[in-house]
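Presented below, as structure tokens, is a lone chain in the form predicted alone.
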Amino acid sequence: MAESAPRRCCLGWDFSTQQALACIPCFSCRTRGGVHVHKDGLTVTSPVLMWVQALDIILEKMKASGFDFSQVLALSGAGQQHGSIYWQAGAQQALRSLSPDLPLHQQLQACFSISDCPVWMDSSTTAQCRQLEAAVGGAQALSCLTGSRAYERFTGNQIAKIYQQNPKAYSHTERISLVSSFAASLFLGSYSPIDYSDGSGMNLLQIQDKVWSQACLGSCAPHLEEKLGPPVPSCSVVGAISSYYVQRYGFPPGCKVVAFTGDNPALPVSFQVSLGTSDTLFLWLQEPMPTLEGHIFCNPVDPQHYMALLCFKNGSLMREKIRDEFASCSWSEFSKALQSTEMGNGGNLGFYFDVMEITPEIIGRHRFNTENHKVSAFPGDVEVRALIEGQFMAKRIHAEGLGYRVMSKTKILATGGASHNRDILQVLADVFGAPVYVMDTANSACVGSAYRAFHGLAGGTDVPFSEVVKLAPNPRLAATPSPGASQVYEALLPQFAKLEQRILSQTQGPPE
């Protein structure tokens, strides 16, 4: 049988929290879960060379498996958002003179002014956050400017802390990268620019006109603009792959590198709900309304639109607790409870936050009967539905607070562990009044990055992203709204929002 012609392809890479870190032998970096948690319990860092070793290991495994690198037309990738890397003066020359005879991590050991860099888990920059907000006129003003109020993990505040506490290291830094642009730099053999989308997770980029905010830069550290370099559209071809990869692995010299972006916006869909340990909501917005909750990012594939992110800490862990307490530790019994109770739960509404929630900042379990009177408990099946309906009504209310509106063509993509439970997805479809789809891939950031590489190769902003992904496998329909669902939840949502505000306005006591 004649061999078929080799297929040209694009590669997607994921340097996010779990995937890249899992590639590193524990003895090499002496981390726990890929990070170092410092004595204060707030400072969290990762060794830079761990990321470099991750790339070495993955490429060597691909080479050993017989992967044909010569067929790669372009590559792009995603990086853990909010992490930052500090290149030592002279590092770019080292990147440009890599020897194909040695692995990357052996050649880049002296290239970083800070060897252990802050990552998204760090929460040690509260003072710097307050300084930044004061410099621009307050938290809401900063949110309108950069898409978010000041957050401890955001890069601008991390840079400010490094400048204040380690000015020598800062002065020896010639370039500051995000994890995404750092990973792209490794492939380029020179510094890759920060893209608009990941750049809007720094508290530094003006999201409307996509330039660095001079007020924010000045508040954080001197000479910061030259250390960051100019930001670029997320679909930019930032250069050809370094000759290091051509000689060591067999990439074609013409292989293009498309700007890497953050792992959160790496799969740009109009509406995605990730139902994991924490729940995350991603929204495609045309007219964003930045608030003190959530984040607005520049859209990585459409410069005329934006993406919003909302994070809810009490996700699957809360669902598992209610399952164990009220459904005999059984997902089957949990589903039966949802099936046996009516939409709207007879007017019984619940708020379940065993740990301090992010959106909104509430802790405790708060239950209200149909007369809006607070009660201590519901029957077991009512408890289950109150949890699930409450989680999804909160998501809808806070999404609409950022400017999102459910339209007749709205489709929801559900991912994460709870997306395997059809009865949970049915409540999601009912509350939002939109069909819910699921995907069979678990590596959405990698898949999204591969399509973004195709998009950059095809012409970027001159070609609609929808044209690039139209031949991609279609998500599978999992649930459609039940008849009458719209009327039920349109009536309940204002009541739910008022109760949430009522809880917020009250002095928090111990969880009930």
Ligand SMILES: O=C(CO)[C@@H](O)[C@H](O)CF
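All of these numbers come straight from a predicted model, not from anything done at the bench. Just so we're on the same page, rigid core means the largest C-alpha set that superposes within 1.5 Å between forms. Don't overthink the numbering: it's just position in the shown sequence, from 1.
The discussion below concerns the form predicted in complex with this ligand, not included here.
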For the spot marked by Q80, N264 and T280, is every residue within 4.5 Å of this ligand in the predicted complex through some heavy atom?
yes
Only one of R323, H398, R153, H105 comes within 4.5 Å of this ligand in the predicted complex by heavy atoms, so just point that one out.
R153
Candidate from A134, L73, V211, C311 lying within 4.5 Å of this ligand in the predicted complex - any heavy atom:
C311
Do W120 and this ligand come within 4.5 Å of each other in the predicted complex, heavy atoms counted?
yes
TL;DR on 420-428, 338-346, 404-412, 81-89: the one with heavy atoms within 4.5 Å of this ligand in the predicted complex is 81-89
Would you say N299 moves its Cα by 2 Å or more between the shown form and the other one, aligning on the core?
no
Rigid core aligned, does the Cα position of D122 differ by 2 Å or more between the shown form and the other one?
no
Threshold 2 Å Cα movement between the shown form and the other one at I85, rigid core reference
no
